[in-house]
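Before any questions on binding or motion, here is one chain by itself as structure tokens, the form predicted alone.
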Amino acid sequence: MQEKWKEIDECVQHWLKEAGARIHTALEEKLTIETKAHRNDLVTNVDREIERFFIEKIRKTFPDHHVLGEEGFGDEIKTLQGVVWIIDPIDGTMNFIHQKRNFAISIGVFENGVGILGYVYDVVHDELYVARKGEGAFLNGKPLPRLEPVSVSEAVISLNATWVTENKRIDPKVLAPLVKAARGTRSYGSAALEMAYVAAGRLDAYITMRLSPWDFAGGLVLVQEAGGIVTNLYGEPLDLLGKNSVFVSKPGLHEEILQKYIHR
């Protein structure tokens, strides 16, 4: 890996730990909670403070880089040319508010649309997932094993119950047979963590119908470097500048789900 990427990697890991310490402090204080698009789309003062923290660091250290952030403090990104950071300061804000766990900081760093570095930091459990293109994925500095194929009947799949009940995005009859056929299903409420869990082998697949780039950018690099597959629900590449359905899986399982449950 080029020296410039090693420098970026060192900076990100240091900043993540610093941001994590700030979040730990904030968990002991009263949060300011607001809604965004709808009553369940929540944001806190901490989301905004952590995003500003990263953007200030990036702009000072790497002034020619661009930043796409969930809370809107970054740049207006219309192209992925150059180096683009895609940041979610707290992925799983509802969990952050209600549970004080099951949330993460997510960062993906891309060059000309290619994922070079990916990070998901579970602050509460102090688990830092890191991926470097061509070098693999790591958890707290230890290499994660390459993902091995698994069948649906042996798979634990992360899937929110929303997608197998009446909703606006998919006929619930599409995924209901998959839920019945899988060994088990789970839902954690943080796309970044769920993708990290696939990379670490804790989950075998993760399916959701609508995510923004900051939700999946860090996890995208992680899963790919661990040997997994990341597409939209129909097996197509993700749009890094728009909303997507997201289908993350171990190899083999991805093809089986597409053929037997999605494209049937």
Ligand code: IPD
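What you see is a predicted model, and the numbers here were worked out from it, not measured in a lab. Residue positions are given as counts along the sequence shown, with the first one as 1.
Keep in mind the form predicted in complex with the named molecule is missing from the figure; the text below concerns it.
> Run the site superposition, bring the named molecule over from its position in the model of the complex, and let me know if the shown form is open or blocked under the 3-atom, 2.4 Å backbone or C-beta criterion.
Open.
> Have a look at 150-158, 126-134, 86-94, 111-119 and name the one stretch with heavy atoms inside 4.5 Å of the named molecule in the model of the complex.
Among the listed stretches, the partner-contacting one is 86-94.
> So, Ile55 and the named molecule: in the model of the complex, are they within 4.5 Å at any heavy atom pair?
The answer is no: Ile55 has no heavy atom within 4.5 Å of the named molecule.
> Does Ile105 reach the named molecule in the model of the complex, with heavy atoms at most 4.5 Å apart?
Ile105: no, not in contact with the named molecule in the model of the complex.
> Look up in the model of the complex whether Glu51 has a non-hydrogen atom within 4.5 angstroms of the named molecule, and give yes or no.
No.
> So in the model of the complex, does any heavy atom of Arg210 sit within 4.5 Å of the named molecule?
Heavy-atom contact with the named molecule at 4.5 Å: present for Arg210.
> Does anything in 167-201 come within 4.5 Å of the named molecule in the model of the complex by heavy atoms, and if so which residues, in order?
Counting only heavy atoms within 4.5 Å of the named molecule in the model of the complex, the contacting residues of 167-201 are Gly189, Ser190, Ala191, Glu194.
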